[in-house]
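Next up: a single chain in structure tokens, the form predicted alone.
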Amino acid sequence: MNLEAFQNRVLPAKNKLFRFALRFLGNEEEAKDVVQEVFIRVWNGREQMNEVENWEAWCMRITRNLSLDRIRSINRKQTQPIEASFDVKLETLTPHESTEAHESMQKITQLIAALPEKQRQVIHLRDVEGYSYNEICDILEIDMNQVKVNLFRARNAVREKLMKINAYGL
């Protein structure tokens, strides 16, 4: 891989890599460091990378592994609020609607954060980042059935808990 290929294939994924690392680490500076380390590893290993089919998925896998390593080393885990991952336009809403939307996003963020790790990763990659099932398989190194089952369970858990909260006002 030469510099031009690196710029065209790898660098366009930097925002997704950053958001993915930020979701794991909960700290912007740590996430930036992880993304920078991903780029360094990709560049240093560029000679052996001719067999990589999906560069973005491969970079996401490296990001995941480095983020998990960093979490283990500093022994902490936080997540960024989910509304920061979406470009939600609240200007057209009334103050009441805006407050309700903000509270709903906070509830959803808390519900997703309470999910088991694998479910949390799959729902983030699919519903927040928009990756395909095949790309999620590559990133998380799991088979298609596990992706589908974890996504189904994660969505159901969030839906059921949100319905209980909204039904009972808890």
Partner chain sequence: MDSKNINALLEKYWNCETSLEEEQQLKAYFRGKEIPEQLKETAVLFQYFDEHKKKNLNDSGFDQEVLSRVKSPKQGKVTRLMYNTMRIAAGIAVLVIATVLVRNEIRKTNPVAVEDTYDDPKLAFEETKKALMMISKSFGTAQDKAKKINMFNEAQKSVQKDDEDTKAKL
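The structure displayed is predicted, hence computed values, not measured ones. Positions refer to the first chain, counted from 1. Rigid core: the largest C-alpha set superposing within 1.5 Å between the two forms.
The following text describes the form predicted in complex with the partner chain, which does not appear among the structures shown.
Trainee: Would you say all of M60, R64 and K118 touch the partner chain in the model of the complex, counting a heavy atom within 4.5 Å as a touch?
Mentor: None of them does, since no heavy atom lies within 4.5 Å of the partner.
Trainee: Given that the partner chain is not shown alongside this chain, does Y133 nevertheless sit within 4.5 Å of it in the model of the complex, heavy atom to heavy atom?
Mentor: Yes, Y133 is a contact residue.
Trainee: Does R9 reach the partner chain in the model of the complex if we count a contact as any heavy atom within 4.5 Å?
Mentor: No, R9 stays farther than 4.5 Å from the partner chain in the model of the complex.
Trainee: Is it the case that I139, even though its partner is missing from this view, gets within 4.5 Å of the partner chain in the model of the complex, heavy atoms only?
Mentor: Close contact is absent here: in the model of the complex, I139 is far from the partner chain, nothing within 4.5 Å, heavy atoms only.
Trainee: Is there a heavy atom of S104 lying 4.5 Å or less from a heavy atom of the partner chain in the model of the complex?
Mentor: Within the cut-off, so yes.
Trainee: Would you mind checking 113-143 for residues with a heavy atom within 4.5 Å of the partner chain in the model of the complex?
Mentor: The stretch touches the partner through I123, R126, D127, V128, E129, G130, Y131, S132, Y133.
Trainee: After core superposition, I'd like to know whether R155 moves between the shown form and the other one (criterion: C-alpha shift of 2 angstroms or more).
Mentor: It does not, since the R155 C-alpha is displaced less than 2 Å between the shown form and the other one after the core fit.
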